[in-house]
Each structure stands twice: as structure tokens, then as C-alpha cells.
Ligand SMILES: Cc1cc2nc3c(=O)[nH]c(=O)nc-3n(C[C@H](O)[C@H](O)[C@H](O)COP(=O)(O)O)c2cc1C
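Presented as C-alpha cells, the chain that follows is alone, the form predicted alone.
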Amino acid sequence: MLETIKARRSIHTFKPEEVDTAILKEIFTYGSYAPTHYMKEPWNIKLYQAGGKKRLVDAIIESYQRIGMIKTDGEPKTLKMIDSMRQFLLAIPHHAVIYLEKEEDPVRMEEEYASVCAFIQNSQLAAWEYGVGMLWTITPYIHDPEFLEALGLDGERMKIAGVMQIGYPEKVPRDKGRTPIEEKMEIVGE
């Protein structure tokens, strides 16, 4: 597992082949062994694949238009860009919307969000063991309440932690290295 931690990469291009649903369930089962305060297991998954991806992709594009990231001018250049984005997103074999219920207590909310982030990272590591790549995306539409509602989620009660793009890697990015930990760690008491 230590090698997997170092070898895992965020994948940006995927083969068209879908990952078997049984494998995806195993991956997310391993993810569920993340630390969780009070064993609450706050993570939830909406998995979009095959024909179900259209609903998600339409909601993404509508959100981008609503929040001003895509023009609504109907110009050929805009329409071409929207079509290109749509085709790119539909070509990704699976999208998993990872979300949690909001907590009123800000400390509890941080605990729950941290647990969901650990779940996502565990899932990415498990996926890598199966030869499956993931990209954890956090984009402006996840903060758009109307986007959540388009997916059947209550934007007042739910928070999206990320949208995972999932599939077999077409290309694995090179290792870009990491900053030596000595530059990030302060030892107090020596």
C-alpha cells in the first residue's frame, strides 16, 4: 500500500471502457474504512454512468451558464464550446458525486467533511490497486444549490465534497515529485 500512495496519480484522460459495478462497489467499500467520528460514516455516493451521465452533464452545463462561467449568448463559438465540454464529460466512463449532510455545529461539520475527504482518498488509493484512475474535482457548480436540486439533493441540507471522474487511465501523468517534508514540518521540543 505504501507504493500505491506514491504511485497514485490524478487521471485526466480515460479509456472508454466502463469499470464493472462490482469493482466500483469494492473500491468504495475500501473507501468506507476511512476514519469517521462517532462511526457516523457521513459519505454518500450518486454514481452516474451509461445513460445516467446525461442528467449530470446537463446539470453541470446549466450551472456553469447560471453562474456565468459559460455564456448564454447562443453564438456559434459558445455552442461549439458547450458541445465540446458535453462530449468530453460524457466520454468519461463514470462520475461519482460524493456528498454529505450538513451539520449545524461548525466543529461537527468540519469533522464530517474531513471524514468524507478521507473516504475519497481511500477510494482513490483502492481504485489504483484495481488499475482504475480517478480525478477528484471541486468546481464552482458544487456550490450551486440549483445544481444540487437538479441531482435530487436538497441544497440546504446537503454539501458536495467532490465529483469523482472514474475510469481506466488512458494516460498516467509522470511523477512530479513532492516538496521534502523537512520544508513542511516544524519539530517543536528538540
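These numbers come from a predicted model, not from an experiment. Counting begins at 1, following the sequence as shown.
Below, we refer to the form predicted in complex with the ligand, which is not included among the displayed structures.
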**Q.** in the predicted bound form, the one of Ala150, Leu135, Ile61, Ala126 near the ligand [non-hydrogen atom within 4.5 angstroms]
**A.** Leu135
**Q.** Contact test in the predicted bound form: Thr13 vs the ligand, heavy atoms, 4.5 Å
**A.** no
(Q) Whether Lys171 contacts the ligand in the predicted bound form should be assessed with a 4.5 Å heavy atom distance threshold; does it? (A) no
(Q) Would you classify Lys25 as touching the ligand in the predicted bound form, given a 4.5 Å non-hydrogen atom cut-off? (A) no
Q) Among 30 to 38, 45 to 53, 137 to 145, 152 to 160, which stretch sits within 4.5 Å of the ligand in the predicted bound form, heavy atoms only? A) 137 to 145
Q: Give, in sequence order, every residue of 165 to 190 that has a heavy atom within 4.5 Å of the ligand in the predicted bound form, or say none if there are no such residues.
A: Lys176, Arg178
